[in-house]
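Listed next as structure tokens is one chain, alone, in the form predicted on its own.
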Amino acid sequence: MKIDVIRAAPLKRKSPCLVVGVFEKKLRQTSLKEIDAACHKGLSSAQKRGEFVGKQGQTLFLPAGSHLVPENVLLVGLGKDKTFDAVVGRKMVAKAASVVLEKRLDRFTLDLDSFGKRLSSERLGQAVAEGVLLANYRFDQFKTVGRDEAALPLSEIRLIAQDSQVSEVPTGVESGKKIFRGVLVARDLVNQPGNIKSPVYMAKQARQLAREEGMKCTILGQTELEKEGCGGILGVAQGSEREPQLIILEYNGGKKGAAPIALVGKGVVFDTGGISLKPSDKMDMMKMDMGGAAAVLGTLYAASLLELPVNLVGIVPAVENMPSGTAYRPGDVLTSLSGKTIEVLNTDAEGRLILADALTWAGRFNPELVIDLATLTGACIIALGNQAAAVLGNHDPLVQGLIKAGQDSGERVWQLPLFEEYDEQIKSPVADVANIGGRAAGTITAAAFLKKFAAEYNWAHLDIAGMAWEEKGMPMQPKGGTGFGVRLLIEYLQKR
């Protein structure tokens, strides 16, 4: 999609649709009066009916009269001026884009000045670009029919800027485009079906990203994992005909020799639950059980495009969890890369087993800090629904930094406790640790398990089980993979 920044008078610029932001109860501006007069009093009529008063998320589509150059005008409510921020701006631009798409238009102009002065021009440009691009995303590579009936994707957006904005808005737009390319990588990976998305496929995608951006990519296959003693990864993978892969992607944008930040992502390309088989209902969604891995790869790609001044390591254990005659069983004891032994009580608690080895591997880089992302527990969805990811960790400044980045990016996270008492639930009579701790506090006991493999460095765990997949579809997140975590992590890294 082409996004241009231009100088122009919004009401004098020819366009299929002009998008104008309106703050709540601020409908008396000269430009809105002119729009109302040219659109057959459509705005004042809607205001009288209470249909449109500028509340956040309200929209009003007005076919323009002959006295207005744009063919149509779309008013989008921004809510109260004092609560407007980049999160609101991004959402409302996405909302506007979705309405334009519903009207089967492929282009529009947007009056940036109507979005107020609370954001810097650069920040506003980034929010607008992200909102439009996220709303315009489609995963339709397997569709051979029905494309003609679907709304066309947007092809061109023109942002009308004032003189004071013109120098900074394009910088923000370019940043938004690069961040979206990272989200695009993550969404496409999550949406790929299980018959295509093998561990080897994941490794190939990582290699391609590395080639594009000059990153270092190392792949360990079955033989190398056996030599290293990665018992967690190998145990989960042994029920599948598809061999596991450990993917290590390195981006060096910081000072040479500076300790890297390690990002670890759960990469279960399809999760049947193994011998502890999941119910068949909605099992098709389990192609998304590598959402953490997708976020890690997308983040490293976006960071390299943005040329962030930081050293990053992305570590992705990629496996398929299948039931078969060779699958691992409840009651098995696995020896992890760290040497710690794990009693398997449930083969559907597999993500923490592969993360145990990956977290141990991360320690080899002597990292400044480690963040792991995983669609780890259904208990997280019970606790937080689909509104926020859970964050737990052993270093409060890191946890608080992620919470702040979540607030500013719109990818929210909520802290859960990690008291030592929870360790009691994952004690095993036959091994160093058990892989589940019962129904109570399931998200926390999963993190308590991971904590045992992350004791040597500052670490935070993000359980994104409720956030990696959108079931119904929203303006900024069509049904399917969300790419959650990329914008959150980029925001965190930029703030550093």
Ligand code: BES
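We number the residues from 1 along the sequence you see. This one's a predicted model, so the numbers in the text were calculated from it and none came from an experiment.
The same protein has a further form, the form predicted together with the ligand, not shown here; the description that follows concerns it.
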Task: Sole residue of R181, R123, K278, R118 within 4.5 Å of the ligand in the predicted bound form, by heavy atom - done: K278
Open item on the list: Exactly one residue in E411, E130, E350, D357 has a non-hydrogen atom within 4.5 Å of the ligand in the predicted bound form; which is it?
Closed with: E350
TODO: Could you confirm whether R187 comes within 4.5 Å of the ligand in the predicted bound form, counting heavy atoms only?
DONE: no
Open item on the list: Does any part of I436 reach within 4.5 Å of the ligand in the predicted bound form? Heavy atoms only, please.
Closed with: yes
- [ ] Indicate whether D289 is a 4.5 Å heavy atom neighbour of the ligand in the predicted bound form.
- [x] yes
Open item on the list: So in the predicted bound form, is the ligand close enough to A465 to count as touching (4.5 Å, heavy atoms)?
Closed with: yes
TODO: Tell me, please, which stretch of 224-232, 247-255, 368-376, 195-203 lies within 4.5 angstroms of the ligand in the predicted bound form when heavy atoms are compared?
DONE: 368-376
